[in-house]
Structures are given as C-alpha cells and as structure tokens.
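Listed next as structure tokens is one chain, alone, in the form predicted on its own.
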Amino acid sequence: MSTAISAMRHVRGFDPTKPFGLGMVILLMLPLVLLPLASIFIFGTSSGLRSFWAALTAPDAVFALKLSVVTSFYATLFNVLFGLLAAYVLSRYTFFGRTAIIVTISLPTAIPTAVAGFALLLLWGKYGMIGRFISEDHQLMFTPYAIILANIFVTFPLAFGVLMSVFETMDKSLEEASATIGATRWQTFWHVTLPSLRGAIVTGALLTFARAIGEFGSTILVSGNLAGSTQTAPLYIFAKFNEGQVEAANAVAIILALFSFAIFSILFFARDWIEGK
C-alpha cells in the first residue's frame, strides 16, 4: 500500500526534472547539431537565392551530385540484395563458422573509412594483389566503379543488420503453414517471407543510401577526386572549400543535408506505411 502511495506522489504535481532535462537536451543540441546545420542554410542564402542557384547549377556541381546519386544507388542495390541473401541463410541455417561470418559482415562499421579506401587500393590498385593482373584499360581504381566498390564496402553491414534482426524475430508459423499446403521453399519465400520484410528492406535501403551518398574517407582515396570525372558531392565540397570557393561548397552541402533530412523524415514519419501497417 505504501509503495503504491509513494508511486502516486512521484507522478503527481510539478516535476522539475522535466523542464530541466528538456532544457539540457536542447542546450546540448544547439552547438552540436542545430547551429551547425542552421549555419549552412544561413550562409547559403546570405548572398541571395540567385547566387545560391548559380553555385548549385555549376557543371561540376551538377556532375558531382549526379555521380553521388548514381554510385550510391548501385551500392544500395547490391547491399540490399546481398543483405537479403546473407540474412536469410544465416538466420535459417546453423553451421560451423556462422558467427565468424556475421562478425566479418559487421566489421566495416568498425574500420575507419580511410583504412577501407587504402585496403581497396592495395587489393584493386594498379599494383595491388588483384589489380596487377588486370589490364591497363580495365583498371577499377580512379573510376566511378571504384566509388561504387568503396560505397559497398563501407555500407556492407547496414541493410544486413536491419534484415537479420527481422529474420531472427519473425514468426515462422506462416512459413511452416505454407510448407504444409505443398508450397516449395521458393514459393514460401516469395509469397510469405518477402512481403513480411518490406519494411526492413525499405529501411535498410534508405539507411544504406544515406550513408553512401555522404561517404568521403574511402572515396577520396580510390576515386582520384577528378572534377567532372570521379568527384562525388562530398569530394566537391572538400575541393571547393580548399580552393576558397566557400559558396560553391556550401550550395552542395545544403543539398546533401536536405537529402539526409528527407530520408530520415521518411523513416520516421512514414514508419507505419513502410512496415505495412
């Protein structure tokens, strides 16, 4: 009885920890998140929208944005398909070395992206372990294909992690029921399992794309950072800032920030639709 009364006293009346806690959250967010993001929009429009538009529509800026979108799309497509296959196999079958494979797939999240780019150079570069056997005309490094390869490497675990968590918690009764009425393993996967994974697939794809489109550390090593050829949007921002063209860098930075905001808004506000509820 006394415990119930003390609990009621705890939730009744004015709670000073609520405004204090909320104030601390906002206070910490201001210099770490809100003000840095606001600064690029304030600076980007300080010279007028015409100046911002001119910087954004410069040929090299347009090319860098297009290259980032295209390379991120292909990296996302590959990693979603691989993540789906890997999550299905590793969740449905038990075998020696299963844990080691899961750890290996998750490893890129712990590796600095610069190290990832350097490792790709040592493997696929002109004098790399595999690259030395590839003809001069078919080298991967310092081409858009190298950017896709780098994006695949650094985003490898994202879609897999989302899909694996869903597979491990999925109710297998529907799959078992499908098998009892004579459905093949492929029919069960296509008509029962896959529809249940819609939310996880969309979430994994959006997270992978958002991560890939902002990748910098590995791509600067494997792409060559050639304007109008292998320069992605993050590399364009870096190059223009080093050249003192802050407005040009800021215009593309705004677009990348809006991309990220849009993707995470979809994940947050369209959660029910994504999950099929």
Partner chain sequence: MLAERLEDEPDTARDAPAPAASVRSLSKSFKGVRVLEDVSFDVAEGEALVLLGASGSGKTTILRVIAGLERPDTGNVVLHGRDVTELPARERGVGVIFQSYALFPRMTVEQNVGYGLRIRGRKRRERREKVESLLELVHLLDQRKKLPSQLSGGQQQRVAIARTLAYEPQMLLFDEPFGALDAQIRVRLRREIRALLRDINVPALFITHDQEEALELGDRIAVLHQGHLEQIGTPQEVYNRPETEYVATFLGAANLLLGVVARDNRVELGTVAVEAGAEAARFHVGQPVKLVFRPEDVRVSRPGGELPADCNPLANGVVEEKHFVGAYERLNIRLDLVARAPRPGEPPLYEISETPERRLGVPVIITRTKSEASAKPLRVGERVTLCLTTFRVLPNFPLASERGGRVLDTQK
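Numbering follows the first chain given and starts at 1. Model, not experiment: these values are computed from the prediction.
The discussion below concerns the form predicted in complex with the partner chain, not included here.
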Could you work out which of S91, T188, T203, T113 is the residue within 4.5 angstroms of the partner chain in the model of the complex, going by heavy atoms? T188
Contacting member of A86, L121, A183, L207, with respect to the partner chain in the model of the complex [4.5 Å, heavy atom]: A183
Looking at 153 to 161, 169 to 177, 134 to 142, 71 to 79, which one sits within 4.5 Å of the partner chain in the model of the complex if you count heavy atoms only? 169 to 177
Touches the partner chain in the model of the complex: I105 (any heavy atom, 4.5 Å): no
